[in-house]
Ligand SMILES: Nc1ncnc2c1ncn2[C@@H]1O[C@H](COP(=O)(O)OP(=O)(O)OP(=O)(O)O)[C@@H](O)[C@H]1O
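Heads up, the chain below is alone and in the form predicted alone; it's given as structure tokens.
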Amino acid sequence: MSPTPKQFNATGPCVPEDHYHLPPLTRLPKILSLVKDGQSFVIHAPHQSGKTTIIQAARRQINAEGEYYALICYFYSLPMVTDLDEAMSHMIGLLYGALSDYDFFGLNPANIDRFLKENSQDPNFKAAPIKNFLNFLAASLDKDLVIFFVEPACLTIPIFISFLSQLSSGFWARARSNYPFPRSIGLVDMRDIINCQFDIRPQDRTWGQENPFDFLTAALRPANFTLEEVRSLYAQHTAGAGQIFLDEAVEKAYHWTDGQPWLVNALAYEAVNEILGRDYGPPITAKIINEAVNNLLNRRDVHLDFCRFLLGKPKAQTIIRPMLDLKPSPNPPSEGPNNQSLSHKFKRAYHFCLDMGLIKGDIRSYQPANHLYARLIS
């Protein structure tokens, strides 16, 4: 009996043993050099663009190389927490859980429990609990620590600012005085967190010397797949199952998706598994890809349903409403004595839609991110 072929992944992060995939770190090779240089950074990309797959690959490689410890801490459970003290306690619990996933990197969990019990009510600890807990971990480990925090922008604004301020304070203390603190911190989100500072503070104000974003030195966004990368991904199925994607099908898939990773995989999964029912004999044609597009649009799959949700937001409507097809955007609203500068509201709306992956292009000449999303908009 022949082995079961791998599958195209249209759900969560790629599992190399189960899914066709491209080498994740080729999309963001700069991560490893930033970690080596002791820098902190943002990784941002739209929903289901491969962020988690990339940081999981980075975590595996960093730990395998053995120079540093790397862990991932997910904030998915925090959006509903509005009390600052409760949120900080919850974050420490999430960090504790993340450490347990890696067997505490050789630390004795009883020592961690003792530290938290002895310090949880100390006013100095409670003033900056994340900074103080990370200081304890960094001082206790025998290697430098690298942490990826996933979806910190889901926090309410006061909690988000407190969290960033503690990271910034610890990061700069480490740089100036060898204060024990993680070597490198990656903030992973759909939004470019560095740009979030312009949404939070009033337009006519400055953060001054207390800017909680100033420890972040780079914002990295993985690019969509190129046509050749789509061809390479689909060729893995041909090698594994013997089923051919005709050139016309590859080109049609790229035409509809512009290389958006979820769409590329979802079209292939729909074609192979649903339309052809895992009959690996017939080749995949452009006609089958077009049928897959219509099927995705007619269903409420999570990815496209989320896009529909985003399109209904007022900020998105500011940008999207004038666009009925792939024509360039209309002239954006301006402000100022000579009407030369774009309005602050319009800039925020544009960056929101760009971060969410709904559009592409310059602020004065943007369009839907791909032909499939254009169908959603119309």
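Residue indices: 1-based, along the sequence shown. Not measured: the values here are computed from a predicted model.
Not on display, but discussed next: the form predicted together with the named molecule.
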Please state whether every one of the three residues H47, F225 and P261 places a non-hydrogen atom within 4.5 angstroms of the named molecule in the model of the complex.
yes
In contact with the named molecule in the model of the complex (heavy atoms, 4.5 Å), from 343-351, 308-316, 33-41, 51-59, is stretch 51-59
Decide whether D192 counts as a contact residue for the named molecule in the model of the complex under a heavy atom distance cut-off of 4.5 Å.
no
Using the partner position in the model of the complex, report whether E151 sits within 4.5 Å of the named molecule, counting heavy atoms only.
yes
Just checking whether I363 would be counted as a contact of the named molecule in the model of the complex - the rule being heavy atoms within 4.5 angstroms.
no
Given that the partner is absent here, does N9 sit within 4.5 Å of the named molecule in the model of the complex, heavy atoms only?
yes
Are there residues in 15-30 with a heavy atom within 4.5 Å of the named molecule in the model of the complex, and which are they, in order?
Y20, H21, L22, P24, R27
